[in-house]
Each structure stands twice: as structure tokens, then as C-alpha cells.
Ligand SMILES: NC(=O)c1ccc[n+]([C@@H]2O[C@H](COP(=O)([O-])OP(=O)(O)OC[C@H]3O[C@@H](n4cnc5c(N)ncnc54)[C@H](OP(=O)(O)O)[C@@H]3O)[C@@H](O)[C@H]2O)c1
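Only one chain is shown below, in C-alpha cells, and it's the form predicted alone.
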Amino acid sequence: MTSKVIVITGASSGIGAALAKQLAARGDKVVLAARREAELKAAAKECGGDAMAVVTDVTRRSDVERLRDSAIQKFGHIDVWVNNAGRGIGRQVLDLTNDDVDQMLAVNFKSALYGMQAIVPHFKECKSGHVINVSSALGRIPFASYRSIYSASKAALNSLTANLRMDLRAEYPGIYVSVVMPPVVKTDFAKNALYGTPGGSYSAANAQTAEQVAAAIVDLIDHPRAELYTNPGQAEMVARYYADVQAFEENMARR
């Protein structure tokens, strides 16, 4: 298998770091991006080889464009771009402030938009490439209402991803656009959420490890498709939700 050049945002820990490590282990060239320099460099060091760390604030368009340019300067091209950076929130809808909304949209939605707008022109020139947007099952099912605007930002990301895919489908069949929707993942996400998480942390029977989610994304890179639920049971749950939203939500409320 020919090695690929893969850019991953939010790569200093969690899913992003696990993904970079797995890809590097099989011979891909990885470019890790995140704000935390020390953690980012440590993650890149674990990848070894040609792994590249680029300190990036993905809420700044200029940083995202610099990330693209740095990767192309080092490796000559980019094959895959993974918009993985994100942050949660622990605040219900009626308690949200303007700043809460602005922060969540900037980190979870606009950062991915900046990534897509930065990389797709390069993919068009190459007539190939793969954009992967890491969303969340919460973008489809409201099973944690205190995540409110986080969930809404991921639902918006799902829609934006689908629209980009449709924009490119006819003229650029070699460019793939995918959305990944993990369930609860065993990372520091809950601890790092804005305002924390009720109870300090949460768990679920369908929780996955960062390594499990990363492995699913590796398979997606090898076998591109429009949408990926990293937990096998999620697709069926989403189908049940949309088949009868009221009944599904009433059942959840009784738990």
C-alpha cells in the first residue's frame, strides 16, 4: 500500500493522537496539529519517523492555511485532511450565553469549515483527496442534553459535510468527503468540556476507546464512504430515533 500524507487537527491527545500513531506505524506520513505545543510535540515524537508537529489554533483561518502550507512544503502534497479538533460543553439550552455559542461554533464548526476551504482547492488540483470531519453521535441523537450547543454544532457539521460532498460529486469523483460519528469515547473530553460535565465524568455501555475510534478512521481512509458510525450498533439506534422521534425521546427520558 502506498503511504499517504495525512494532516490531523486536534492531534495532541485523544482520538487525534491515537490516529496519528496508528497511521505512522503503518508507514503513512502524519502532520499533527493542535494548540498545546508540549503535548503536540510529545505525540509527534511517539509517531517517530517523519511525523511533523505544527502548532495550530484551528479557530484562526490563517493558522489553518499555514498548517496546509507547512505540510505541502515538507511532503509536496496532502492526501487526507482530518478535521478532528473539538471541545464539549456542560450547559443546557436555556443557560447558554452568546459567548458559549460563539466558542462552540468556532471550535467545532468553523474550524472544520476553514480546513475544508483550505485543503479542497489543493485536492482539486490533484484531482484526488479525502476530507474527514470528526463529528459525534450527539449530532444525530440528543442523548446528553447538557451538551446542547456542542451537539448542535456537530449537527451543523454533518450537514456542511454532506453539502460539500454533493458539490464535488459530479466534477471531482476522486475527492471523498466523510463524516465520522463516534459515541461516548474514553478520553479527557468530558474533563476538558467548558463548564465540565455533570458528575465530573460520564460513561456509557457503548463507550469506545480512542484507539478503537482511530482504527475505524484508518479503515475509512482505506475504504472511503460518506458516513461512519464507529460503534456498530449506532446506525440502528439512529434509524430508530428518526423512525419515531417522540417515542424514542420519551423512552430515553424514563431511564
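Numbering starts at 1 and runs along the sequence shown. Keep in mind it's a predicted model, so treat the numbers as computed, not measured.
Keep in mind the form predicted in complex with this ligand is missing from the figure; the text below concerns it.
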- Look at the candidate spot formed by I15, P182 and D188 and say whether this ligand comes within 4.5 Å of a heavy atom in all three of them in the model of the complex. yes
**Asked** Within a 4.5 Å heavy atom cut-off, is N192 in contact with this ligand in the model of the complex?
**Response** yes
Check your understanding: Would A85 sit within 4.5 Å of this ligand in the model of the complex, counting heavy atoms only?
Key -> yes
Tell me, yes or no, whether S151 is in contact with this ligand in the model of the complex, where a contact means a heavy atom of each within 4.5 Å.
no
Requested in this report: Flag D57 as yes or no: does it have a non-hydrogen atom within 4.5 angstroms of any non-hydrogen atom of this ligand in the model of the complex?
Outcome: yes
The one residue among R26, R66, K41, R35 placing a heavy atom within 4.5 Å of this ligand in the model of the complex is R35
Students should find that, of A156, V120, I141, V107, the residue having a non-hydrogen atom no more than 4.5 angstroms from this ligand in the model of the complex is V107
For this ligand in the model of the complex, the stretch among 163 to 171, 74 to 82, 131 to 139, 90 to 98 with residues bearing a heavy atom within 4.5 Å is 131 to 139
